[in-house]
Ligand code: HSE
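Only one chain is included here, represented as structure tokens and corresponding to the form predicted on its own.
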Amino acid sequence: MAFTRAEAFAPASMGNVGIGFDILGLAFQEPGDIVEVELCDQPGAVMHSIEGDGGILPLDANKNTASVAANAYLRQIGAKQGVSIRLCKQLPLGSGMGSSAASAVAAVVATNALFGSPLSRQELLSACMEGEALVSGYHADNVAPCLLGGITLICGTEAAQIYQLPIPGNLHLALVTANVSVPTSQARAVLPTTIPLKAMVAQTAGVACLIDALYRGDVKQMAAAMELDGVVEPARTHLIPMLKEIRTAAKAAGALSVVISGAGPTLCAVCDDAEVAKEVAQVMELVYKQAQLACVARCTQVDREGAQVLSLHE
């Protein structure tokens, strides 16, 4: 059966997961981006339209993560036909929730489905990273969880170097995104280029504690370990509005920890109960509203499946 259109959803994600800079990632159940691709006779991927970005993202196929990733996929399979891409952005830009990765992943997953799914999910990783590299560098801390789902340990850029970690059953997350943009390039520019040996030891110990907690299903220990970042968070704190105040209020409402999601400004509170997560989301939203800072708060859990094909049409 030959298809002419396909639509896919790719979820938001959190790079770093607090302590694990560039080596840990986590997929959120929502929100996410939706991409529809339509078969074209001419080779290559082109951007047909973009919704939900406020007119910010480029329609130039060489400058949009969705079309760059789709083009990488088309080259990978040696396709003679191309695709026209409609991108529906449901993720805010510069939010620390893997917006660029979601666009790239959704485009590749939809295109793969359109061509009859000749490649496995793992084989799509490199094309997705080509798109992500356009804005965030060639790495997979957002792409891997977005594409594959779950909580991922990223030890390199090959699919064989991506490991799925256990997900505690009672893990609930509350997110708040202030209406400010923190571009990844800016967030990376403030990081130290060298760190003392003592800091390196503490950081690696924190990552080890987090991995151990996941394998034991211990959400409280997981939450505590996520907050042990003594390198990246201190360098980025000034970019995140009211981090200290949000953390204090969230913990008073029952959150176990609060960390920056990726490069920020989204903040992620870790909870072990759904009702507590709802309360924490409301409290974090209130802190920003009282400061007259617009924001969006939500509750979610880990997306175990990753990007999904939504529809196929002949």
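A quick note: this is a predicted structure, and the numbers were derived from the prediction, not measured. From 1 onward, residues are counted along the sequence shown.
Quick note: we don't show the form predicted together with L-homoserine (HSE), though the next part is all about it.
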S84, heavy atom within 4.5 angstroms of L-homoserine (HSE) in the predicted bound form: no
is_contact(A263, L-homoserine (HSE)) in the predicted bound form, heavy atom dist at most 4.5 Å: yes
Interface membership of K220, L-homoserine (HSE) in the predicted bound form, 4.5 Å heavy atom rule: no
Contact flag, D22 vs L-homoserine (HSE) in the predicted bound form, heavy atom cut 4.5 Å: yes
Answer option from R216, R121, R75, R188, heavy atom within 4.5 Å of L-homoserine (HSE) in the predicted bound form: R188
One residue of N112, S136, T152, S95 in contact with L-homoserine (HSE), assessed in the predicted bound form (non-hydrogen atom, 4.5 angstroms): S136
Heavy atom contact within 4.5 Å of L-homoserine (HSE) in the predicted bound form, the stretch among 103 to 111, 197 to 205, 163 to 171, 141 to 149: 141 to 149
Residues of stretch 218 to 248 in contact with L-homoserine (HSE) in the predicted bound form (4.5 Å, non-hydrogen atom): R236
